[in-house]
Ligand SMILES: Cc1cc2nc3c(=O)[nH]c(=O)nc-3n(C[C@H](O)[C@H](O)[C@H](O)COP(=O)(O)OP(=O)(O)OC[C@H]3O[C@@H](n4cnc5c(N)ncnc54)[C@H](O)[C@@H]3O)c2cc1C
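Shown below, as structure tokens, is a lone chain in the form predicted on its own; questions about how it binds or moves come after it.
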Amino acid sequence: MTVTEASVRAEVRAWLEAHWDPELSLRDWRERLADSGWGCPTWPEAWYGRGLPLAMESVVRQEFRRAGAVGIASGGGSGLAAPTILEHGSDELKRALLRPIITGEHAWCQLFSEPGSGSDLAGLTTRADRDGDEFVISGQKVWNTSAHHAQYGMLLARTNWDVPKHRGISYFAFEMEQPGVTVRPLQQMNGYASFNEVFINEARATLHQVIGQVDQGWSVALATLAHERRLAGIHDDTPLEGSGRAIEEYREERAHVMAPYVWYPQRYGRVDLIVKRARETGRDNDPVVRQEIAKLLSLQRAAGWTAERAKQARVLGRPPGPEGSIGKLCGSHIARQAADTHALISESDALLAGEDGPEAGIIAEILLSVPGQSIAGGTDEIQRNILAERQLGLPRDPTTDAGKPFRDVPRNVAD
């Protein structure tokens, strides 16, 4: 039978009419979703899905929204860990980990970044030493948004120091709630504490918790990063309307999960406030201000068209192109230009924080939050390297560690 948008829409609509019950507990509703395959329609049928093409994902999501029905648990578990496990995990891991991700029983965080390796992710020094069928893991991770409430982490650790840096890394489904794991919040200059640093001191993971093969975790990490770019394109913050136990529990869950991200709109520069602020301050007749606003809005519109091209390419199943890196750079440029324009409009008042500041302190928060946009999700410099080397074919940056065992590579942290 040929799968069409109309056939999928009719099938999921009929299923929701027969099974959606907002008075169920959120957990019980998601158990139904896991059994039906409609919660994860593009996953394989053997693993809680229906094996539908990626293009049908938005169709199913639209029908859930139309019915006012709650979907599977969102966040790093369903968006990053689950697709990575589906691609690279053993059947044992799939059986143990996928269903609790769908139901929300297990939250996940990403344990990739380290204070000593910066943007060179492959330079990580968290170590996992073999001890029989287990690994003993020690090191430090940083910039984790969900580590404080996660049951599992996607952990990269070095398991072989005698090969070049990309070849000696393993990828673990790491249990966060165990002795030797300490999570500490990081205070940011904008006043929020959205990130954590994680200290790992002789914690343990079993051989069966390795996703992919031992020492081959780099390719698994690249798969996770690819899913991270895709997740950014389908993020949906639209509030769910209606009432009932499942919906109320979903709202509580959503508020908890999204709490670290409340300042993210300011990180993007809040272009939506620019014209409003110009009118409030009477600067909308200033020709210099008007010119800056026009430049900013034109750039934002062009970036939106690029994002739409990338979205359509994904729907059509085309491999990722340069749009991801271009979009990231555009986002950073727009955020910086928006911050400059806010400062131009509000002048010295832009520095006033709190309720007495412009937009109840939001303008000051923008100025402090925008620099983070150029760092998060791969720095602007990394994106430029990707475009230069992979898209334009320019020579790679010179390196001093190519082919050298990682043990012999100079590092800026003590072993």
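Please read these numbers as outputs of a predicted model, since none were measured by experiment. Superpose the two forms; the largest set of C-alphas matching within 1.5 Å is the rigid core. Numbering starts at 1 and runs along the sequence shown.
Beyond what is shown, the protein has a form predicted together with the ligand; the following relates to that form.
S.K.: Once the ligand is overlaid from its position in the predicted complex by fitting the nearby C-alphas, are 3 or more of its atoms within 2.4 Å of backbone or C-beta here, so blocked, or is the site open?
M.R.: Blocked, per the superposed partner pose.
S.K.: Among 86-94, 198-206, 111-119, 214-222, which stretch has residues whose heavy atoms lie within 4.5 Å of the ligand in the predicted complex?
M.R.: That would be 111-119.
S.K.: If the criterion is a non-hydrogen atom within 4.5 angstroms, does every one of W143, A376 and N385 touch the ligand in the predicted complex?
M.R.: Verified in the predicted complex; spot residues all in contact, yes.
S.K.: Please run the contact check for Y192 against the ligand in the predicted complex: heavy atoms, 4.5 angstroms, yes or no?
M.R.: Contact check for Y192: no, nothing within 4.5 Å of the ligand in the predicted complex.
S.K.: Please determine whether E381 contacts the ligand in the predicted complex, using a 4.5 Å cut-off between heavy atoms.
M.R.: Judged by the heavy-atom cut-off of 4.5 Å, E381 is in contact with the ligand in the predicted complex.
S.K.: Although the partner isn't part of this model, could you tell me whether Y268 comes within 4.5 Å of the ligand in the predicted complex, counting any heavy atom of the residue?
M.R.: Because no heavy atom of Y268 falls inside 4.5 Å of the ligand in the predicted complex, the answer is no.
S.K.: Using the partner position in the predicted complex, report whether W263 sits within 4.5 Å of the ligand, counting heavy atoms only.
M.R.: Close contact exists here: in the predicted complex, W263 approaches the ligand to within 4.5 Å, heavy atoms only.
S.K.: G49, G68, G372, G357: which sits within 4.5 Å of the ligand in the predicted complex by any heavy atom?
M.R.: For this set of options, the contacting one is G372.
S.K.: Could you pull out the residues of 333-354 that have any heavy atom within 4.5 Å of the ligand in the predicted complex?
M.R.: Contacts from 333-354: none.
S.K.: Does R336 show a Cα shift reaching 2 Å between this form and the one not shown after rigid-core superposition?
M.R.: Yes, shifts by 2 Å or more.
S.K.: Core superposed first: is there a CA shift of 2 Å or greater at A67 between this form and the one not shown?
M.R.: No, the C-alpha position differs by under 2 Å between this form and the one not shown.
S.K.: Compare the position of the CA of R396 between this form and the one not shown after a rigid core fit and state whether the shift reaches 2 Å.
M.R.: The answer is yes; the displacement is at least 2 Å.
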